[in-house]
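Just one chain is shown here, as structure tokens, and it is the form predicted on its own.
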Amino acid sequence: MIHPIVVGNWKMHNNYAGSVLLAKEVARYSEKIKHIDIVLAPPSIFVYPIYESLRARPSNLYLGVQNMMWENEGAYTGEISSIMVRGIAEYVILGHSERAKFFGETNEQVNKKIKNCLKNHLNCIVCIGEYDKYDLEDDYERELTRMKSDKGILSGLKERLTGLSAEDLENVSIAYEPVWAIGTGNNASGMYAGAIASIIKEFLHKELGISSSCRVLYGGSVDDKNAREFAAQTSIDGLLVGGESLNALRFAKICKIVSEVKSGR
């Protein structure tokens, strides 16, 4: 059975005091939430202070970072490496669409980052998503072909995972985030997200030889009102939450919903 996960991506929000307080509140609200992993990904400058403030955090609450350089060290002003956060954070979000949009990040660079993070024993959450919604209802086969074509999400995913073994990918989760849904309030339907997640899993298994135990998450305007719809999809193993993760009570509610749905409680 795949262990579900909910990830809070804080992006570039909060100051020092606000970040530590938010993390403490999430830890307090999530003390009784079981059966899932919960990951907080604050701005990297706040990861260590949060780590120190949450020494007694729940055993299923982890820290992550939002990006990583592909080298262990070097003349890369402003970057952080996996060895800098190893032992403090357990997860790293890689390939978010905002990295490509604002900083020109390529699939090749994401691939190098994944390899470096796995080499240094970090768990990767690799983002993938389309800019324009696929029309799966009217022409499924055509859209599946489009996903595999140049610039399609499956083609992009294959480029990001190039050179990785099935064993490597045991520590990789795929976050499906349709770009048209991120921060827009226009989330995908549960059925649509579930269909794409199922396609991703089948692609990983049949074309890349990756075990079906690889977690696939949904992200994109997730809140406590639609979380149950996504969690109910058998192909979706968790959620990547953006804006709603900045509110401890609502984020904890999302975690609780996923826990209840996936554990059948």
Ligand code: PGA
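Note that residue numbering begins at 1 and tracks the sequence as displayed. Since we're looking at a predicted model, the values are computed, not measured.
One more form of this protein exists, namely the form predicted together with 2-phosphoglycolic acid (PGA); it is left out here, but the text below deals with it.
Engineer: Out of 165-173, 67-75, 92-100, 138-146, where are the residues with a heavy atom within 4.5 Å of 2-phosphoglycolic acid (PGA) in the predicted bound form?
Structural biologist: Among the candidates, contact is made by 92-100.
Engineer: Find out whether any non-hydrogen atom of Asn60 is located within 4.5 angstroms of 2-phosphoglycolic acid (PGA) in the predicted bound form, and reply yes or no.
Structural biologist: Outside the cut-off, so no.
Engineer: Check Val47 for me: does it contact 2-phosphoglycolic acid (PGA) in the predicted bound form (non-hydrogen atoms, 4.5 angstroms)?
Structural biologist: Flag for Val47 set to no.
Engineer: Even though 2-phosphoglycolic acid (PGA) is not shown here, does Ile236 get within 4.5 Å of it in the predicted bound form, heavy atoms only?
Structural biologist: Contact with 2-phosphoglycolic acid (PGA), no.
Engineer: Since only the chain is shown here, I'm wondering whether Cys255 would be in contact with 2-phosphoglycolic acid (PGA) in the predicted bound form (any heavy atom pair within 4.5 Å).
Structural biologist: Outside the cut-off, so no.
Engineer: What is the one choice in Leu118, Leu154, Met84, Ala181 with a heavy atom within 4.5 Å of 2-phosphoglycolic acid (PGA) in the predicted bound form?
Structural biologist: Checking each option against 2-phosphoglycolic acid (PGA) in the predicted bound form, the one that comes within 4.5 Å is Ala181.
Engineer: Does any residue in 228-265 get within 4.5 Å of 2-phosphoglycolic acid (PGA) in the predicted bound form, counting heavy atoms only, and if so which ones?
Structural biologist: In sequence order, Leu240, Val241, Gly242, Gly243 come within 4.5 Å of the partner.
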